[in-house]
Structure formats: C-alpha cells, structure tokens
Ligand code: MEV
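Only one chain is included here, represented as structure tokens and corresponding to the form predicted alone.
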C-alpha cells in the first residue's frame, strides 16, 4: 500500500489564455489531495472518495469506477472526479506495463471540486505517483507531470493545458507557456482565498471562451492581452512587488469578466477583498463560481470575505514549495 499527496493551486495570472498558448503563472498552495493505492489480486477498481470539498458536500462511494455514486451534487462533478481517477489509474498501469492490475483506492482532499483550486490535477498527480510506486515504478516529478497532463487531456477532451498538472507536480510558483514549463523564484505570497461553495462547469466555460475568441476579434485580443499581462507580472513577481502584482491581478479579473467567466458571487468577493485593502483580487481557475484569490498580509480581507453574502469560506493559504510526494 502506497500513499502520495499533491497540492492544489491558485492562478496568479493567466487562466483560460493558457489554453491558447499564452503564458500563465499558477502557484501551489498548502491544500492537498491524498491518494492511497493498494494493488488487488483481480483487475477490478474499488474507489472510496471522501472530503472532496471544503464545505457543503462530501462525495463517498465504493465500487467499480464507472458506476454512479448516489450523491446530491452535479453529475458533471461526479463524472469528472471518477474520470480523473480512471485516467490516473491508466497512466500508472502504463508506466508499469501492467494493464490488467486492479486497485483499492482511497482519496481524501481538502480541495473543493471544480472551484478553481486544481483538485483534478492534484488527484491525478498523487494517484499516478502512488499507483506507479505500488507497482514498483518510481517516477520523477517531471514524469508525473507529463502523465497527469495526459490524464487531464483525456478527461477534458483535448482542452487541458499543462499549467495545473505541472504546478501540482512541481510545487511553488511556476510558469507555463505551451509545452514550456519551469519553476519560478517567488517570495512567500500572502494569499487569501474566498470560496462561494459552488463550482463552475470547466468544459462549458472553456467552450464559451473558445466561441467568443473565434467569433469576435476583440475577444481574441483580450486573450492576447492576458498573455501580455502575465509577462509583465513575471517581472513584478521576481521583484517581490506586491503592489504591482495586485494591480495586475485586478486587471486580469477584468479581462476574464469580459470573456464571460466571472459570476456575481465571484465579483462580490473580489470587490470585498479590494475594499478591505487587498493589494489585488481575482477569480482563480475556470470561473463561473468557486474561488477568488487576493493578496493581503493582514487579516482584513479574510474578515471582510467572511461577512460577504455568498462567501461560504475564507482562509489564508501559504505557497507550498513542495509538489507531489510520497507520504
């Protein structure tokens, strides 16, 4: 039996645009998904998944993946959760050249599903590391990142970028532009996260941006503008300039709103953070609901978010400099 864990992430800049080859800077946070894997004597899979959200619902089911657990949550989230597990298992089997092996799998996570904090990437990375090790194969972090990307690519019908999976495997702050992935030097950033208790439909949101980009030249320009913003943000990150980072985060949120991926709850939390004195705030991830991230070394933003209608949880999250690891 082998256990591995991997961190979630927030986007400092660049979500959605990264799908089209623009750069993005995601940062790993100290919220982790933990996957325990034990090989079976047959080819069946038995999965027990718990605590896949910060607040609200818990997904609990057992049986072969592909069956439908009886939980009162959107089908798209349940299907996505089991889909990433299946894809991670296939990558572990492939790494060990053991296509017929079965597993008992237990997943525990304090990263909410579909909320923009990289739950799927963390589950995929941890599952692949644990599954391969259970079969006697030690993968490097780079190999885990590549296989986790393949898993997300399969589940997301070819619309995934390497950003989430590379960040989860490597930890810390990273830069992703197409196939070019590398770690960045970064100070300990004072992240504050607000969670509205919901989740956006990543596939639908990505498809919506694609439709806008293909239909309107100014929407394509908006995507390109996000890429330009990320490049400027890299300089601010290297300099540790929190004021400039915050201003660029505000700008990035406005561009994402123009692409139709924000929501009333996300906008309300962003403005609450700004009014509380945060350096900057923006949605993180696909949008449509879920989480915002702000920069504030004080307690003011977290306090303001807790009193903001629609915000179910607010918490501070440290930058996690360690990526996927065996426990």
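Positions refer to the first chain, counted from 1. Since the structure is predicted, the reported quantities are computational estimates derived from the model, not experimental observations.
There is also a form predicted in complex with this ligand; it is not shown, and the following applies to it.
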{"property": "Proximity to this ligand in the predicted bound form (heavy atom, within 4.5 Å), stretch among 35-43, 298-306, 264-272, 285-293", "result": "285-293"}
{"property": "Touches this ligand in the predicted bound form: residue 222 (any heavy atom, 4.5 Å)", "result": "no"}
{"property": "This ligand contact in the predicted bound form: residue 160, any heavy atom under 4.5 Å", "result": "yes"}
{"property": "Contact of residue 19 with this ligand in the predicted bound form (heavy atom, 4.5 Å)", "result": "yes"}
{"property": "Close approach of residue 255 to this ligand in the predicted bound form, 4.5 Å, heavy atom", "result": "no"}
{"property": "Check all three, 27, 147 and 183, heavy atom within 4.5 Å of this ligand in the predicted bound form", "result": "no"}
{"property": "Position in contact with this ligand when the complex is considered in the predicted bound form, options 229, 206, 242, 139, heavy atoms within 4.5 Å", "result": "206"}
